[in-house]
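Next up: a single chain in structure tokens, the form predicted alone.
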């Protein structure tokens, strides 16, 4: 992909020590769209939703100012098959779990038209990217949640280079883990990692955990509740306090003290539902439906791990060590040689593997309770590194119950 137009920039005020923000865009230089009146609709008279509205926040250049790479994303509720016999309702970007994988070059200008095709509210957070704050996707901090049948236009420059991801930041525990996540890869020109490890294949593995029972109940409850909310909004009868929105903390405290608002976290109101993850997977599938990684003798491959779950995982490769070369998109000053790596929630980890031991090799979560399907081993977060250029003496088969 070609690089996009450059933009003048300055060092961000109060930049953290050791982080050079001088190469970032000057967010105040272009107010662009919606300036002079961009505010939360939640506190407007009538608190009314506008289906079909296209929301253009300020903070990024207009279409005429830079050459954007344009992507269209919508979210729908789909029935997604994890393994044969197990389907679960999930929020899905463009009908797939995980969502589309972005590949852009560092410095490209990116425009994403995000349309909500569900009856629930959503946003997109660009995890690890340096975006204008109005594009960060945190509801009621940087934007209103995107209501049903609305389109929110995200615009930003692709920085920094590395392995990143994106996910919904509204109702995050359910929405992000149960479908609304995808990889965002920003390639660096003359990548020093590729020069040191001349890989010829590049794999992205999104690590996932699902509670299919809770998701079924919660999604059904959310949709029923949102129908009531949407009806009230359409009639202009929804009060912000009733909906649980406040201009500041003092307003929230006063509403509670006056008895006008009863927080849902109180013991008398909270259902106390906990996630009991019973299926685990990679790229939307659980073993044995997970695709294997291919390699040949003498070949380098790159593996990008993205933890889209709320759990920690311990990914172990058989028959090889690998080189851990980057974390959260940042190249490590000193790569580490390992065969098991601890992957934190939300983190990305880049590994380089060299093909020097022909065979069929497991690559799995060594917290083996996460390598199960509904409590049955083997399953879950388990794939393989399969050599394509050797003659095996034992060919692998499949078992789903040991």
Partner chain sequence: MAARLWIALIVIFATVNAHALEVDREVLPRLTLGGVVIGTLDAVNWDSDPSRQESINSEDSFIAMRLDKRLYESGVAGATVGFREDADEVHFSDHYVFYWNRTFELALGHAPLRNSLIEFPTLRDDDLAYATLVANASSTENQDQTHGDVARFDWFPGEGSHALGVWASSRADDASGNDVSGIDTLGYGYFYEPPRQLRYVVRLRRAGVILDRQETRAATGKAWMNAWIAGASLNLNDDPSSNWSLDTQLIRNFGVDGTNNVGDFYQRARAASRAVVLAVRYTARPALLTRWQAALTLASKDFDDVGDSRQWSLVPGVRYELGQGVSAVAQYAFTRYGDALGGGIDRTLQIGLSFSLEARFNDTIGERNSILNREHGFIP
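Note that the coordinates shown come from a computational prediction; the quantities given were computed from them, not determined experimentally. Positions refer to the first chain, counted from 1.
Another form, the form predicted together with its partner chain, is not on view; read the next lines as being about it.
- A heavy atom within 4.5 Å of its partner chain in the predicted bound form is found for one listed residue only; from 191, 321, 119, 202, this is 119.
- Checked against its partner chain in the predicted bound form, the residues 296, 269, 254, 196 give one hit for a heavy atom within 4.5 Å, which is 269.
- Segments offered: 325-333, 158-166, 234-242, 123-131. Contacting its partner chain in the predicted bound form at heavy atom distances within 4.5 Å is 234-242.
- Using a 4.5 Å cut-off to its partner chain in the predicted bound form, not one of 54, 207 and 388 places a heavy atom inside that distance.
- Using a 4.5 angstroms threshold between heavy atoms, residue 376 counts as touching its partner chain in the predicted bound form.
- Interface residue remark: residue 173 is not counted as part of the site for its partner chain in the predicted bound form, having no heavy atom within 4.5 Å.
- Within 4.5 Å of some heavy atom of its partner chain in the predicted bound form lies at least one heavy atom of residue 213.
- Although the partner is absent here, residue 94 lies well away from its partner chain in the predicted bound form, with no heavy atom inside 4.5 Å.
- Interface residues of 87-126, taken as those with a heavy atom within 4.5 Å of its partner chain in the predicted bound form (partner not displayed): 87, 88, 89, 119, in sequence order.
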